[in-house]
Structure formats: structure tokens, C-alpha cells
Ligand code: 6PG
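The chain below stands alone and is given as C-alpha cells, in the form predicted alone.
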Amino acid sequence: METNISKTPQAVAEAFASHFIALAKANETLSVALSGGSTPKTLFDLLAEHHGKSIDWSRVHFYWGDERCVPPTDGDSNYKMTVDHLFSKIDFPEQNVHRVLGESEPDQEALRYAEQITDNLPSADGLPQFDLIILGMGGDGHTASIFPHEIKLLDSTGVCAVATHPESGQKRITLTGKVINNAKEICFLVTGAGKTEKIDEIFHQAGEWKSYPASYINPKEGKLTWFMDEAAAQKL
């Protein structure tokens, strides 16, 4: 596990953007599972405004690590956020966008999306393998849409699962823990003082760390990097 600590959330986005560009240039094709949240939004703006023409986007395929079960025009949609902050600003091939159909019935969509991922990605150890998965971490220690009350999804035998937000009850489609940990590379993007305590517990295996799904993200053979700002990492 590696850490990359920057001064501000903007600097975190810049550090990861440089890493992403290097990966995109080094790989003939790049399969990426995206995350929602404020830091990816900043990252997408940065890529669109400063690097939109420096990447051969035809070689990049975007998926989502999780998605809310809402239409693609809904303000809660991770897909819509990506469209607004990245796709609408660059020349990105439509066929390389593999979105979760959040408007569909959740259980059926989890099966459909799992099948699409399995058909499109190479297999390793009997599971589809992403080149890169981008993750965030919630204030409760959740990642993707694997929440503490559904931590069993870390060990699910499926590629995708239906998750339920613990407060709103909103349904979500999420990659399961085994597929996440099967990736060639995983990068967390975590910013803000609100994440400090969880980061401290996870990194030092203290407190309630075993109840945080993010604690269990550790690729079997791949690379794991936490990109954080100084506020999130202040206790490391």
C-alpha cells in the first residue's frame, strides 16, 4: 500500500490526473471503474480543461464502481456528474461508456451489468479484471456502495450487487469486494478533515477499523495507492 499526500483537494486531483495520464499513455487499452464524489468531480474538470486532447480517449473504457438507482438525468446520478464534468467537454467515444442503467429494476440491472463487465473484461482467477478502479471513502468507512451494515458484500460471489443506503434507503448497484480486489490497480481519492479519524483507524488497524469496508480493499496481486490531502492524512 502506498500513500500520495497533497496539500489540498485540488492538488490531490492534480496528482492523480498525472498518474492517470501516465497509465492511459502506457496501456494499449485501459478499463476504468469510476467513482462519484467531490474529488472525482474536481478530477474530471481538470482532465477536461487541461488534458482533454493529451489522452487518446479511444483507448479508455469507463465503467462505474457504483451507481445510484436513478435515471441518468437525475442530479444523484454518478453518470450524469461524469457527463457534466468530463464527457460533455471532450471528444469521448460513446461506445466506450459503459453506464449502469440506474433507471432499470435494481436486481435485474445488477445481473445485466455484471454480464457486460464479464463479457468485456479479461478474466483473472475466475473474475473480471479492471485495469484501474477509482474509489472514495465515506465518513462511515464505506467504499463503492459497500456500507458497514452490508459488509458481507465484500465476500459476495457475484460481480455486482444491489446495496441499500443505510439512511435514505436508496438502492444502488455496486461492484462487490472480490471484483474490486481483483483489479490490477486501485486508487483511493480521499480528502477533508471529516475523513481523518477513519483514515487513522484504517491505517493503524485501531478502533473500529474492522467494521469499515474500506479497510478490506487490498488487491490480491495489484497495486493500491491512497491519494489524500493533508487534512485527511493529518494523523498518519
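Fair warning: this is a prediction, and the values are worked out from it, not measured in the lab. Position 1 is the first residue in the sequence shown; the rest follow in order.
One more form of this protein should be noted, the form predicted together with the ligand, which is absent from this view; the next part is about it.
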Inset, instruction - Report whether the minimum heavy atom distance between N182 and the ligand in the predicted bound form is within 4.5 Å. - result: no
Inset, instruction - Classify T39 as contacting or not contacting the ligand in the predicted bound form by the rule of any non-hydrogen atom within 4.5 angstroms, answering yes or no. - result: yes
Inset, instruction - Using the partner position in the predicted bound form, report whether S31 sits within 4.5 Å of the ligand, counting heavy atoms only. - result: no
Inset, instruction - Answer with yes or no whether K178 is in contact with the ligand in the predicted bound form, where contact means some heavy atom within 4.5 Å. - result: no
Legend entry - Location of the ligand contact in the predicted bound form, chosen stretch of 95 to 103, 82 to 90, 115 to 123, 140 to 148 [non-hydrogen atom, 4.5 Å]: 140 to 148
Legend entry - Neighbours of the ligand in the predicted bound form among 67 to 88 [non-hydrogen atom within 4.5 angstroms]: R68, N78
